[in-house]
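In the form predicted alone, a lone chain appears below as structure tokens.
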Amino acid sequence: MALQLAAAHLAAIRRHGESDYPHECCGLLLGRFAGERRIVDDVHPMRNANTTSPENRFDFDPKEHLAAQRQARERGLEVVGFYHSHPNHPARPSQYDLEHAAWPGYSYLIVRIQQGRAQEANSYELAEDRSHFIQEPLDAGAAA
């Protein structure tokens, strides 16, 4: 699979990561599944509900998550993935990310925020057996 999103969507995710630094940011990737692509039509920033270690962990508030899913459905969109930032760490899944990723079939986009500035972004898919992540192509040049 591959993740396709507009440059403007990736820019919005990068800004979210910079604004939440030094904490992790998080959000939903909303769009549609199209063959071998997950196409993002909108990004939905979420509040990091992790209060014990927000600089290297994130949690979605369950009520906020359900409300965002409902709003997406009303707009004819689906959750195709999730995004979060890694403050001062590489844009690759951590062991914690692997242990808390629940669903194969979705994209997991990670953006590195180094000293408050957004750096590289990479996208991954959780393997069917949930044992590891597989890096997937990221097409961030699509028009909005």
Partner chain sequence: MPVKVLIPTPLRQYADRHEAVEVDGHDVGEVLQQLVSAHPQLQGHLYTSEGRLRSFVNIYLNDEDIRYTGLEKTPVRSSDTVSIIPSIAGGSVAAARC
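Residue numbers count along the first chain shown, from 1. From a predicted model like this one, the values you see are computed outputs, not experimental measurements.
One more form of this protein should be noted, the form predicted together with its partner chain, which is absent from this view; the next part is about it.
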State yes or no: in the predicted bound form, is some non-hydrogen atom of Glu120 no more than 4.5 angstroms from a non-hydrogen atom of its partner chain? no
**Request:** Answer for His84 alone: is it within 4.5 Å of its partner chain in the predicted bound form, judged on heavy atom distances?
**Result:** yes
Should Glu99 be classed as touching its partner chain in the predicted bound form when contacts are defined as heavy atoms within 4.5 Å? yes
Residue-level contact is defined here as any heavy atom of the residue lying within 4.5 Å of its partner chain in the predicted bound form; does Gly105 satisfy this criterion?
yes
Checked 15-52 against its partner chain in the predicted bound form; residues with a heavy atom within 4.5 Å, sequence order, are Glu24, Phe33
